[in-house]
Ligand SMILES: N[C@H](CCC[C@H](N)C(=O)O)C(=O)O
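Presented below, as structure tokens, is a lone chain in the form predicted on its own.
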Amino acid sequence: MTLSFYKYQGTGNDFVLIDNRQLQFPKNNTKLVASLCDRKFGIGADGLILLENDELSDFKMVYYNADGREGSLCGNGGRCTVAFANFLGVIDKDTVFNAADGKHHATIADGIVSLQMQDVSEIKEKPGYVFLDTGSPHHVQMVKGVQDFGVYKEGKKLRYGLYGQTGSNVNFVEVLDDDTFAVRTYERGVEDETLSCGTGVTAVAIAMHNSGKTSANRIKVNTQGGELHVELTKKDGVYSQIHLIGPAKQVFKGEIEC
């Protein structure tokens, strides 16, 4: 089988994007997905995304982790899928699409995608960390000197040791300014640090706001792959109107024999 694909990245979080509106991709072939994401023997990516038709929205996003298993919401992947849908002519500048956690509204202009995330009402403040779900589960922990922190070692330890086989993504955060934070993330499914994680950035912004580390309603989060912004509103303990904002770029397109 000859497979046509596109490679996208959002602040260094990279994905294989496939137009699957004709439903030709073998969706249950986890080994194929993993091999396509393999950086040594395949295309190389943090995940693979199928764009499909959807009866209730403009399109459906189906996300797979690099290990080949279908995953929960990927924020940067969602932003890249919006850019891909725009490139294909499926949408113009405004869209509603379906993902693993339900419908999302998004806009795209000049390569910048603003993705509205689901409301967040449950935030668990624990001694030394915060846990919340922003479409995917996230552990958020403050550290000093995040650039020199052992993200892989400590992230893996927490991902399995604290959260078991199901696991959680693990974010290590440092305050840079009143409305600016730096984060490095260990992602489950990739089982390594990624240059950026959209749901992680969203979780960090909410956790920092909820714990009083910032009072800003537009928060800047610096990842290893670039800068993202999160806009949010809090009312009666519920975070709503949450938008993950940043660039999404097509890197190249190609074909591969599977």
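Note that the structure is a prediction, hence the values are computed from the model and not measured. Residues carry their position along the shown sequence, with the first being 1.
Same protein, other form: the form predicted together with the named molecule, not shown, and the subject of what follows.
S.K.: Any idea which of 22 to 30, 190 to 198, 36 to 44, 207 to 215 reaches within 4.5 Å of the named molecule in the model of the complex, heavy atoms considered?
M.R.: Only one stretch passes the 4.5 Å heavy-atom test: 190 to 198.
S.K.: Just one of 107, 72, 180, 118 has a heavy atom within 4.5 Å of the named molecule in the model of the complex. Which one?
M.R.: The residue in contact is 72.
S.K.: Looking in the model of the complex, any heavy atom of residue 81 within 4.5 Å of the named molecule?
M.R.: Close contact is absent here: in the model of the complex, residue 81 is far from the named molecule, nothing within 4.5 Å, heavy atoms only.
S.K.: I'd like to know whether residue 59 contacts the named molecule in the model of the complex, with contact meaning heavy atoms within 4.5 angstroms.
M.R.: Residue 59 lies outside the contact set for the named molecule.
S.K.: Using a 4.5 angstroms cut-off on non-hydrogen atoms, would residue 224 count as touching the named molecule in the model of the complex?
M.R.: Output for residue 224 is no: heavy atoms all beyond 4.5 Å of the named molecule.
S.K.: When the contact criterion is heavy atoms within 4.5 Å, does residue 171 count as touching the named molecule in the model of the complex?
M.R.: No - in the model of the complex, heavy atoms of residue 171 and the named molecule never come within 4.5 Å of each other.
S.K.: Across 121 to 136, which residues bring a heavy atom to within 4.5 Å of the named molecule in the model of the complex?
M.R.: Counting only heavy atoms within 4.5 Å of the named molecule in the model of the complex, the single contacting residue of 121 to 136 is 136.
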